[in-house]
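Listed next as structure tokens is one chain, alone, in the form predicted alone.
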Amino acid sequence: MKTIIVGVPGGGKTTVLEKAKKKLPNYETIKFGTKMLETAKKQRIAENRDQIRKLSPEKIKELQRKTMKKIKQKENLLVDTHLAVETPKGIVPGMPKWAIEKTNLDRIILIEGEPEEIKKRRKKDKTRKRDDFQLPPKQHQEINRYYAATVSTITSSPIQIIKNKPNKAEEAAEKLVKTIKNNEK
């Protein structure tokens, strides 16, 4: 089973997924952006993930293609990624149509947070440089839902939305585990 876990930066998807992973030992987790960064570092075109979204759309597509080759054949996979990536040139798909089609996707799970909480998390996270974001979190989450609906249409995969409320990541993780285990049946 292949599931993509998506959300906007600061929505808490990685935190929720890390907590859920403890109860999903048969699943491998891949951070799509981290895999892209590994390739970008080898090519010496980016040193951190925030630099990737500032590359040309062509370079981003090239990194996505190389990353897809690494994950395409895996089973019982949870892919931590973004569907709508804000770049200086506009919003680009984190996983374009050709990538989605090669994934053999079973499920899309959106992790969403409260917009004000997302703003706080982004400011608090000193490991990332996100001060150039123009989209308000609420609008970014709405766009993410549109992308998820498109992915669902292409793959016939169901969408699940899990709310990650402030200080409730453990509850969101429990819902994530339950959703994944219910899909196994």
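What you see is a predicted model, and the numbers here were worked out from it, not measured in a lab. We number the residues from 1 along the sequence you see.
In what follows, reference is made to the form predicted in complex with a small molecule, a form of this protein that is not presented.
- Taken together, the three residues K66, K69 and I100 lack any non-hydrogen atom within 4.5 angstroms of the small molecule in the predicted complex.
- Interface residue remark: I52 is counted as part of the site for the small molecule in the predicted complex, having a heavy atom within 4.5 Å.
- When the small molecule is considered in the predicted complex, D80 lines it closely, a heavy atom lying within 4.5 Å.
- When the small molecule is considered in the predicted complex, G33 lines it closely, a heavy atom lying within 4.5 Å.
- Heavy atoms of V151 never reach within 4.5 Å of the small molecule in the predicted complex, leaving it off the interface.
- Judged by heavy atoms within 4.5 Å of the small molecule in the predicted complex, the contact stretch among the candidates 114-122, 39-47, 153-161, 58-66 is 58-66.
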